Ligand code: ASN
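Taking the form predicted alone, here's one chain by itself in structure tokens.
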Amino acid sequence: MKKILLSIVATLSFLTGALFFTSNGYAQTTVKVASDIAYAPFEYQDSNQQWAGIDVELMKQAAKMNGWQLEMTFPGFDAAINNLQAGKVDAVIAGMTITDARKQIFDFSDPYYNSAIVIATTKQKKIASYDALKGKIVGVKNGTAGQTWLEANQSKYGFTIKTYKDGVAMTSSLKAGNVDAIMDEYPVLSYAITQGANLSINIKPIPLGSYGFAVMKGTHPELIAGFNKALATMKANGDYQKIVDKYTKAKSSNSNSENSFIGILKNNWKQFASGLLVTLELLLLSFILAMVIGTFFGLAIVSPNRVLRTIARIYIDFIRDVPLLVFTIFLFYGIPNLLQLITGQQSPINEFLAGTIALTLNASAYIAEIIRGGVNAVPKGQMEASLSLGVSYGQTMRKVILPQALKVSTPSLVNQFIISLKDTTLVSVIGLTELLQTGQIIVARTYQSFIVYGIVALIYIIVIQTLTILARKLERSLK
């Protein structure tokens, strides 16, 4: 009987393995790949809210040819690299230039695109030579080959460098007049011009090098091998050139309907609504948790127990001393990276969870101070009278002091609620597609930064004014 059971287990194991693996030994495996958020024509979101571009199609085709189950995310270039280093994804494809410095950290595939960097200005302020950059401010994306070139030639041409986390912010800054010129890859700026962006290229491009699909050094050689094999096949059968021509020779995809406030709102209202929903979910969940934690520490800091007071003070001071943006980045990238180095395991924290934790802890520290102030505003005689009647300290706080403290603290708590709503925009730095990030994605396609960000601001105004009106009614009812 025992031998029969062992035979059955062995057979099932063999069949499971046969189903899981295909002839290349890696098929049906989930492959997580991160990419940029706004890097047309390589990756961007089209008018149908679908991710498109050279990198996207090459990756999908490579995954199909290798039998991989592809999970592709678009947090932005810096966030994509951080995700890879933190072990949250297996690879990155984001128009990433292969350099000697990067080879020390990453393993690259064969080059899949040869590019060049170039200076662009607005059509109204053309710059025709690198010598003309003297005394000018040049914008560039952080961590790119363009930044490396600018830093190497800064003293030669006498310009000032200003870095940005993505192309949307950089291009918007040029349109606003905050920089005199920008440097980016030639195909990216050329594509932007075909889409109607107010850009002009008047200086000869500088050969940049090649883009590659990347994994962390010493990891996933099977992914590199699979991508290289798929790329070679696509070049041989002509699919590669078709994909490149589809995006580099494309005419403007922006219809006239997306050149106006009404047009953009009409074509993208579902996207704005989706971003707002994520924002509100993040706000409500984090604030409810912050109220629980903040109330606990607010009561602890006024407790007669010295140990509780000390713990509460350390917690409140520590959370308030760290900026929310820094705390969010550290929580999402720093801690997982440390855990991976120690345990070798990937972090289970996703963007929404990390944002919720960061907002919860940040708001809880301020709520604790608000509760402390509310408790101290209740006359001390009430506590003394309750204790003299034989009511315990815990019951007195719960039934006598805390209800009054919450009533006194309501205006401040409502104000903190609104602040937390505004703070949700900071979570976009780790790639969560809330309302602000949604706006950036739309700008990357339409290049209508004034209109799109105006709509985002209007949505926040409507939501916050609604909350303010409700808060005033609540205050009046409490009075």
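Note that the structure is a prediction, hence the values are computed from the model and not measured. All residue numbers are counted from 1 along the displayed sequence.
In what follows, reference is made to the form predicted together with the ligand, a form of this protein that is not presented.
- A single residue from the set 386, 82, 144, 73 has any heavy atom within 4.5 angstroms of the ligand in the predicted bound form; that residue is 144.
- Though the ligand is absent from this view, in the predicted bound form it lies within 4.5 Å of a heavy atom of just one residue from 226, 275, 95, 355, which is 95.
- Looking at residue 39, you'd find a heavy atom of it within 4.5 angstroms of the ligand in the predicted bound form.
- Remark: residue 213 does not count among the residues lining the ligand in the predicted bound form, judged by a heavy atom distance of 4.5 Å or less.
- In the predicted bound form, none of the heavy atoms of residue 351 sits within 4.5 Å of a heavy atom of the ligand.
- Mapping the unseen interface onto this chain, residue 372 falls outside it, with no heavy atom inside 4.5 Å of the ligand in the predicted bound form.
- Just one listed stretch, out of 31-39, 443-451, 414-422, 64-72, contacts the ligand in the predicted bound form at the 4.5 Å heavy atom level, and that stretch is 31-39.
- Contact annotation for 154-178: no residue has a non-hydrogen atom within 4.5 angstroms of the ligand in the predicted bound form.
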